[in-house]
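Single chain ahead, by itself, as structure tokens, in the form predicted alone.
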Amino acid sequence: MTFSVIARCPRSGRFGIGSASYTMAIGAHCDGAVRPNVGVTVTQSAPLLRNNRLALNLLAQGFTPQQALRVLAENDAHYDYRQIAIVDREGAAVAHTGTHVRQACGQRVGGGFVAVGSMLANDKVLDALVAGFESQSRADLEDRLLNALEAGRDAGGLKGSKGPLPERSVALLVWGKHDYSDIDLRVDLQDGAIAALRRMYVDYKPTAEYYEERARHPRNAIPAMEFADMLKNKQKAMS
């Protein structure tokens, strides 16, 4: 009951994950799933957290995504219950959807990205994830991932045996060249979590560079409240 897109930006080399689920705290299943200059991966539908670090360790040693996926299969007695996606630093991508993953389910593998989903309302959700991701190819990776999640939701999203399921948790993670994330935003236990994340993102995005600069040069930084007021005045002038 989750749909996700993982990707590498060909312009910046950044890696990211956008994931939405009926399950609580989907962001927790993204732990250890991104590593700068190495790759990005995700395991869902009965997620196995050790897969994240194992896959990235293998990529770091020079394994291809296909070879890494083969090792995951060999070390997992319940491989057929999982969906796995891997993208490496060259943009090579691979995915697996096990025979026991709950329908409707599937995957789409493209240049530098993978879309996967289970318990989807229909197969069009996967196509919508791809279309949303590719709709603004020059945009920042986080914008493209969020566009993909919104498109998947609007195409029908998730569905259980009793009908449509709301997205109750969502995570948006992007890593660049540093050993910490550029973006790590999450919404948990809230119906309409993707819409809530969009509202959060709109407020957060303009402040990200400010907080990064303040951390590097605190002596010269203006106070946070002063920056917030400046931003608010600028937004009013532009509206």
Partner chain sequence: MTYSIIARCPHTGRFGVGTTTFSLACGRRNESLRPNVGISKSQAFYLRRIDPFVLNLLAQGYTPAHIARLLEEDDPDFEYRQFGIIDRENNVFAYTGPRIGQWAGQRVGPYYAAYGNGLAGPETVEGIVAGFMSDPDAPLEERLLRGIEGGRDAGGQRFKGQRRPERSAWLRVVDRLDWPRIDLRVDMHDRTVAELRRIFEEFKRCDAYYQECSRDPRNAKPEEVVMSELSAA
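Numbering follows the first chain given and starts at 1. The term rigid core refers to the maximal set of C-alpha atoms that superpose within 1.5 Å between the two forms. Keep in mind that this is a model prediction, so the values were computed, not measured.
There is also a form predicted in complex with its partner chain; it is not shown, and the following applies to it.
### Query
Can you say which of 144-152, 127-135, 161-169, 87-95 gets within 4.5 Å of its partner chain in the model of the complex, counting heavy atoms only?
Single hit among the candidates: 161-169.
### Task
Check whether Arg216 has any heavy atom within 4.5 Å of a heavy atom of its partner chain in the model of the complex, and answer yes or no.
Because a heavy atom of Arg216 falls inside 4.5 Å of its partner chain in the model of the complex, the answer is yes.
### Task
May I ask you to state whether Ala221 is within 4.5 Å of its partner chain in the model of the complex, using heavy atom distances?
Close contact exists here: in the model of the complex, Ala221 approaches its partner chain to within 4.5 Å, heavy atoms only.
### Message
in the model of the complex, does Ala46 come within 4.5 Å of its partner chain, counting heavy atoms only?
### Response
Yes, Ala46 is a contact residue.
### Task
With heavy atoms only and a cut-off of 4.5 Å, decide whether Ala60 touches its partner chain in the model of the complex.
No - in the model of the complex, heavy atoms of Ala60 and its partner chain never come within 4.5 Å of each other.
#### Entry: in the model of the complex, residues of 1-33 near its partner chain [heavy atom within 4.5 Å]
Stretch hits, in order: Met1, Tyr22, Thr23, Met24, Ala25, Ala28, Asp31.
### Query
2 Å or more on the CA of Arg11 between the shown form and the other one, with the rigid core superposed, yes or no?
The answer is no, as the C-alpha of Arg11 shifts between the shown form and the other one by less than 2 Å after core alignment.
### Message
Once you overlay the rigid core, does the Cα of Glu213 travel 2 Å or further between the shown form and the other one?
### Response
Yes, the C-alpha position differs by at least 2 Å between the shown form and the other one.
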